[in-house]
Every structure is written in structure tokens, then in C-alpha cells.
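Just the one chain here, laid out as C-alpha cells, in the form predicted alone.
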Amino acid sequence: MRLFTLLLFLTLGSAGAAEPILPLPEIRPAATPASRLGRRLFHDPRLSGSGRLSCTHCHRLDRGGDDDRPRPPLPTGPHPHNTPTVFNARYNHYLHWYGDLDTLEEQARVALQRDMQVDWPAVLARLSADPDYAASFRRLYGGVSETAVIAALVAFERTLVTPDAPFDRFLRGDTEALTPRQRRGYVLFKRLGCSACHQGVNVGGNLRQKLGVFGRYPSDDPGRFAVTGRPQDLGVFRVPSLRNVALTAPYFHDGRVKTLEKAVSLMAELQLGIRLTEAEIQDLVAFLHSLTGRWKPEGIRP
């Protein structure tokens, strides 16, 4: 029995157990004054130390919530990692590729400090000098502060969910929501044991696993070892969410893999020790396309 099939069996029990993947809630989070303020901040380059870099530099909401680049260019040089999508991040148990952060608040603070080189006294002065910002912060948080900026950004990020994917409709009983090939892909996804790691409401995002169980991924990135210093964490990364994965190429922590087909093939080799047929790859890719949801009001490309 393959390693991940065993993991799946231990996680889910018998064949009659519940589905390993859960649908996203049908009800979209309602916009609030805090999330509207956070949306302005998310698009505002005045949060960065240079005054020219906003959150949307890496997290394009008109795309897949990432930036379509292997690694984003930043003022400090190329980022070491591919940009994860911001969509549905509220459902991740771990954040960042090393899985070293547990909350959206921590993630926002680190991104501002490390990637956007925030100068908090200067940023707070800029926001306080803007009458609209000053009034909103005063009304919601009692004034402009670092904590308030983080809170507003997170309030907006929590609205960035993409329900109504074909697969969500399928899980709720719409048997026509998936094509025959997508249904075959999902059966294969479970049979191979992919759902041992990519499961739950976000189809991932809640585990940390070694990349390269049956082979070495061509990267010198030490993985979670860089955070913990523990030998057992060499090559360990957060298992990414597969929601909207058809929109978020290139793939893997270093953005090395350009296509979803190659990503599927490589994962089978590295994690399962098998070579998939072309038909199996296409079935799995078709299933992964069914995980593309919708975001309003700006939306992501269909």
C-alpha cells in the first residue's frame, strides 16, 4: 500500500466515510466598514516603505490572487518563494511556504515588514494626513495605529473567498456539475491518496509535509528547516491549497513548474513514486479545473 494511500485510510477510515474535501460555505462574507477600509489599504502603495508598492503588487485580485510570476521582484531583490494566492487564505491552518505562521494577522505584519519594507511612523503619518482615512480609522478603531491597519487588512482578506466552484456544487448534490473526465479525475485523486494531504474545505493548507518522499525536488531550499533548525524539517513545506489552482501557475515554492500538467506528473513521481499515464494526468488536471470558484465584486478570470 502506498504511503499516502495509507495516510488517507488512517485519516478517513472505511470507504464509506465522508468525502475528504468539503465545499466552501455558500454564503459569502458580507462587506463591512472594516473590510471596505482594508480594501483601500490593500490597493494603496502608501503602505510600503517606498510609497510605490501595494499588496496588489503580488496579490492580483483580477487573476488568481497571486502574480503569475515564478518569484515576485521586490525592492530587496527577488523573493525566495512563489507568491501564494490570497483567495481563501482565511481557511488555511498554516501560512507561508514554511507553514511558520498561524494567523492572517501574523502574515500581514510579516509581509508589510519584510516584503514591503514598511516604515510604520511614516506610514501612520501618511494615513493620518488623509482626511478620509483618518475619519475611518477614528470611527472604527479610535485612531490610526499599526494594530488598526493590520486589523482592517485582515477584515478585507477574510472576504476574499471563491465559492460556487463546480466541485462545490457537485459535493452538494449537483451530479451534472462535473464532466465525466472531472469525475474520473476526482476518483483517481482519492484512489492515489492525493486527498491525504489535499483535503478539507481548502483542499490543503492545513498540513506540513516533506516534498520528495520518493525523489529529490531540484531545489536547494531547506524548507521548514530554515525556521526550526531540526533535521527532520529539511524539505518540509506547507501543503498548498488547490482551490483555483488552474489560475495560479507557475507552481511549487520556487515557481519552477510552468504548467498544471507538469505539476501533477511531478507530484506523482516525488510523493507517490509512480509515473502517471497521459490519460491519468489529463483526468486529474480536469478535476483540478473544477476547483475554480468565483469572487465578487471584481472576480477572477473564468
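The structure displayed is predicted, hence computed values, not measured ones. One rule holds for the numbers: they count along the sequence shown, beginning at 1.
There is also a form predicted in complex with a small molecule; it is not shown, and the following applies to it.
- Heavy atoms within 4.5 Å of the small molecule in the model of the complex belong, among the stretches 226-234, 129-137, 205-213, 173-181, to residues of 205-213.
- The three residues S35, R40 and D62 each lack any heavy atom within 4.5 Å of the small molecule in the model of the complex.
- Not displayed here, the small molecule is approached by L242 to within 4.5 Å at the level of heavy atoms in the model of the complex.
- Contact check for H253: a non-hydrogen atom falls within 4.5 Å of the small molecule in the model of the complex.
- Using a 4.5 Å cutoff between non-hydrogen atoms, G193 counts as a contact of the small molecule in the model of the complex.
- In the model of the complex, the small molecule lies farther than 4.5 Å from every heavy atom of D119.
- Interface residue among L112, A151, V144, A165, judged by heavy atoms within 4.5 Å of the small molecule in the model of the complex: L112.
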